[in-house]
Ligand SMILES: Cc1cc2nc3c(=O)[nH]c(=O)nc-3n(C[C@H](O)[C@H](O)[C@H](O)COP(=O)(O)OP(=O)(O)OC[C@H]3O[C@@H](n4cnc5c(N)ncnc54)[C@H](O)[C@@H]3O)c2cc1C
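This document starts with one chain, in the form predicted alone, laid out as C-alpha cells.
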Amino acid sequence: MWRNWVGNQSCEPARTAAPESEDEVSELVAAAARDGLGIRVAAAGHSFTPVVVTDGLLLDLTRLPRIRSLDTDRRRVVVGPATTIGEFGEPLWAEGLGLANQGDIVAQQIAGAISTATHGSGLEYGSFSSSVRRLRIVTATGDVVEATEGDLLHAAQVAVGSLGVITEVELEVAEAYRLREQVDHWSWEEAWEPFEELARQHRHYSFFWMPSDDSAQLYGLGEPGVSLADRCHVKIYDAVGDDVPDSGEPHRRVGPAFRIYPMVYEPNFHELEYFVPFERGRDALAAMRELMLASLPASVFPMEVRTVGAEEAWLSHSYERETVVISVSGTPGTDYWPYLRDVDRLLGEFDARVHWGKLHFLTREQLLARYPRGADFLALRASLDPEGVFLNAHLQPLFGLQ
C-alpha cells in the first residue's frame, strides 16, 4: 500500500521496485510495458492529486545516486531524481552556489518538483522546472532519451511523469546568496492595495490572508488569544551582503537562503492552487476574499498569495506570463468539494492554470484553451508513449489519445 503525505491518495500496485541504476529502470519499464502494466513513480508523496496512483508498476528511485557533479564555473549541478530540495543546500553552499529560488517545503524530490512545476515566490524567478537544462528519461520501450533543448526540453520540463521515468536532472543554479526576513501582520488593505508594487520591489513578497479568528492557528501563524481575522501574515525576503550579520531573531532572521526558506507544516489540509495572470491578480484576490468570507466555515484555512515569473515549459502555470499564485485548502474529513468547485469557477474567469500536484478540476478542453502549447504537448507525449503506459486514471482524460 502506498499513501501520500496527507493521506488523501493511496494505491495497491501490482508490482513495486526500487532500482539502483538507470539500466535497471529501463529493464523494469520495458518488462512492465510488455506485460500491459501502467507505470508511475512514487517520489516524496507531496502531491494532493492522484498523480502517483497506479495498479501497475510503482517505482521508488531513492536508491539512485543523488548529487552527482557540480560545475561551479557554469553553475550547473547534476543530480539523481530522488534528490530532495533539502539535500541541495549544504553541498551547493560549500561551492559558493545555491538554488535560485525555492518554496518552504524541502522534502520534495527534485524530479517530482519539476514534473509538477513546484515553485517558490518572486517575479524574477520561475518554478524549479525553469532551471532544468537537461533530463535523461526512460521511455515506454525502455530506451533512454535526453532532453537538452527545444521542444523536447520544454515539454519535459513539466510533464507530470507522462513522458517516462526521469533518471537524471541537470539544473542551472545561482551564486550563493543570503536573505533577510521580514514577517509582520498587516491589514488586508496594507497587503493588497500595493500588491503589484511590493511584488516588484522585493525578491519575495507573499502573504497568508486569514478569513476568521481560527484561520491563523491552522498553519501556526498566530498567537493564542490574538485575533488575526481579516488580516494578513506577510513574508518578505530580500538578499543582503556579507556586511549584514546572521541573525536568528524570530521574524527577522538573516542567513544563507537555504536555511531561511524552509517552514514546517502539519499535514492537516488538502490544498488547491491556481495561477492567474499577474495583471489580473489584484482583482482575482479581491474576488476570492469575498467568496471566502461568504463560504465560512468551509473556507476557514488561510488563502496564500505568491508570485512566479514567466518561463518556457509548455505545461507550466507560468508559461510566457508572470502569475499570481492563489492557494486555498479544504479541511480533511469534511465535504469541502462544493467550496473548492466555487473557487475553480471563480478563478476560471481569470484564465487560471493549475498546480499539477494540488487539487484541481482542469478538463482537457480547459487545458487546450489555457495552455498555448497544450496541443503540442499532447502530440509529443503521444509520440513517445502512444499506448499511454505512463498515464493513470487521473492523467488519461487530460493527456491521453481521444
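Throughout, we count residues from 1 along the sequence that is shown. These numbers were taken from a predicted model, which means no experiment stands behind them.
Omitted from view is the form predicted in complex with the named molecule, to which the following refers.
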Report summary line: Assert contact residue (the named molecule, in the model of the complex, non-hydrogen atom within 4.5 Å, options V41, V343, L359, V29) equals V41
Query raised in the report: Which one of S329, S215, S316, T118 is close to the named molecule in the model of the complex, taking close to mean a heavy atom within 4.5 Å?
Result: T118
Query - Which of 118-126, 93-101, 237-245, 179-187 lines the interface with the named molecule in the model of the complex (heavy atom within 4.5 Å) - result: 118-126
Requested in this report: Determine whether any heavy atom of G45 comes within 4.5 Å of a heavy atom of the named molecule in the model of the complex, and answer yes or no.
Outcome: yes
Requested in this report: Determine whether any heavy atom of A140 comes within 4.5 Å of a heavy atom of the named molecule in the model of the complex, and answer yes or no.
Outcome: no
**Report entry** the named molecule contact in the model of the complex: S299, any heavy atom under 4.5 Å
**Finding:** no
Report task. May I ask you to state whether H355 is within 4.5 Å of the named molecule in the model of the complex, using heavy atom distances? Result -> yes
Report task. Just give me the residues of 302-320, first to last, that have a heavy atom within 4.5 Å of the named molecule in the model of the complex. Result -> R306
